[in-house]
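The chain that follows stands alone, in the form predicted alone, written as structure tokens.
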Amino acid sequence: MTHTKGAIATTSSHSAFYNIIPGALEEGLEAYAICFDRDWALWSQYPKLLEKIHVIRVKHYNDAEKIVGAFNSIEEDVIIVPHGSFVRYLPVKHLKQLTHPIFGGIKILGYEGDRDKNAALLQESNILTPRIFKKPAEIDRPVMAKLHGAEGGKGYFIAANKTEFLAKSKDKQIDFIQEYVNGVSIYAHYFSSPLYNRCELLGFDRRLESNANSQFLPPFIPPTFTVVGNVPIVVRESLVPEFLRMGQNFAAKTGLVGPFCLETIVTPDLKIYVFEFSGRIVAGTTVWVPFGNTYANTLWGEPMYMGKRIAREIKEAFKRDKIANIIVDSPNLEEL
């Protein structure tokens, strides 16, 4: 490796620009960003930050071949840091074409993007999950229907029973039917560290989902679930040990490295259901920048947010000559 402190590369997104890149710079790492044309109007408003990083322009975010080519054109030794756009726009076959190592590897991203594998992995980690219905005829309770390729919850809907599901699902490409669990949505953020040999619970957030979070939603308007933003949350203290157990179980089951998120519903009787996981940094951790989070700050004794935590692990790996430890590809998971 040619850097003594380390270097990262990623693609443009709000997780990258406001979280991953600031964390890398704060930890003294060099940063390379592949910026798509759709994001340049925003990025160009921050010239002082752009002066500190290396920018490679790519016309379209959906051009996987060009993205791979841009990453592979970087001559420095870098660690690629993934975020949500990697799951959405870079299929596994293209991820495998990258010549630079990916922080945390490829397999967990493939499992995340496959809803059946996603749910099965949670169940295998001894985590409470909502029931999954393979076909409409099985529906015997309220369900949440998720559309194929939906971004940020767009188009999701609730159905009280099989009849309502069939009526609402006409002309829609449904690829996942899950029991609807009533409660508060809480997104728990973790970091699995091979260098410190622990799974860290770093904090929580809530998503604001279009009108589903409205206090004044009239009964004749159905809820919608398109994510429009995130807010930080401190959870009830008695829930923290169970959240920590679930994260530790998931990290042990997968062997993953780096950030991940368990997306949960906490019911009125304080049961925690995990309906999905994300195997990388998620947008909700950006609410901590730059002041850190209650849990992460207490653990580290300093302001610590997810982008900075990622950079800290990478910097330490370069410093200790243990890069191989942080690019391990979830050894407990099957090949994709």
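These numbers come from a predicted model, not from an experiment. Residue numbers run from 1 along the displayed sequence.
Below, we refer to the form predicted in complex with a small molecule, which is not included among the displayed structures.
*Asks:* If you check in the predicted bound form, is Phe165 within 4.5 Å of the small molecule, heavy atoms only?
*Replies:* Output for Phe165 is no: heavy atoms all beyond 4.5 Å of the small molecule.
*Asks:* Mark Val181 yes when one of its heavy atoms lies within 4.5 Å of a heavy atom of the small molecule in the predicted bound form, and no otherwise.
*Replies:* Because a heavy atom of Val181 falls inside 4.5 Å of the small molecule in the predicted bound form, the answer is yes.
*Asks:* Is there a heavy atom of Pro130 no more than 4.5 Å from a heavy atom of the small molecule in the predicted bound form?
*Replies:* Heavy-atom contact with the small molecule at 4.5 Å: present for Pro130.
*Asks:* Can Phe275 be called a contact residue for the small molecule in the predicted bound form at 4.5 Å between heavy atoms?
*Replies:* Looking in the predicted bound form, residue contacts with the small molecule include Phe275, since a heavy atom lies within 4.5 Å.
*Asks:* Within 4.5 Å of the small molecule in the predicted bound form, heavy atoms considered, which of Met144, Ile80, Leu95, Ile233?
*Replies:* Flagged contact: Met144.
*Asks:* Looking at Gly255, Gly153, Pro194, Gly84 here, can you tell me which has any non-hydrogen atom within 4.5 angstroms of the small molecule in the predicted bound form?
*Replies:* Checking each option against the small molecule in the predicted bound form, the one that comes within 4.5 Å is Gly153.
*Asks:* Honest question, do Tyr190, Glu200 and Glu242 all end up within 4.5 Å of the small molecule in the predicted bound form by heavy atom distance?
*Replies:* No.
*Asks:* In the predicted bound form, which of the stretches 105-113, 132-140, 233-241, 258-266 has residues with heavy atoms within 4.5 Å of the small molecule?
*Replies:* So the stretch in question is 258-266.
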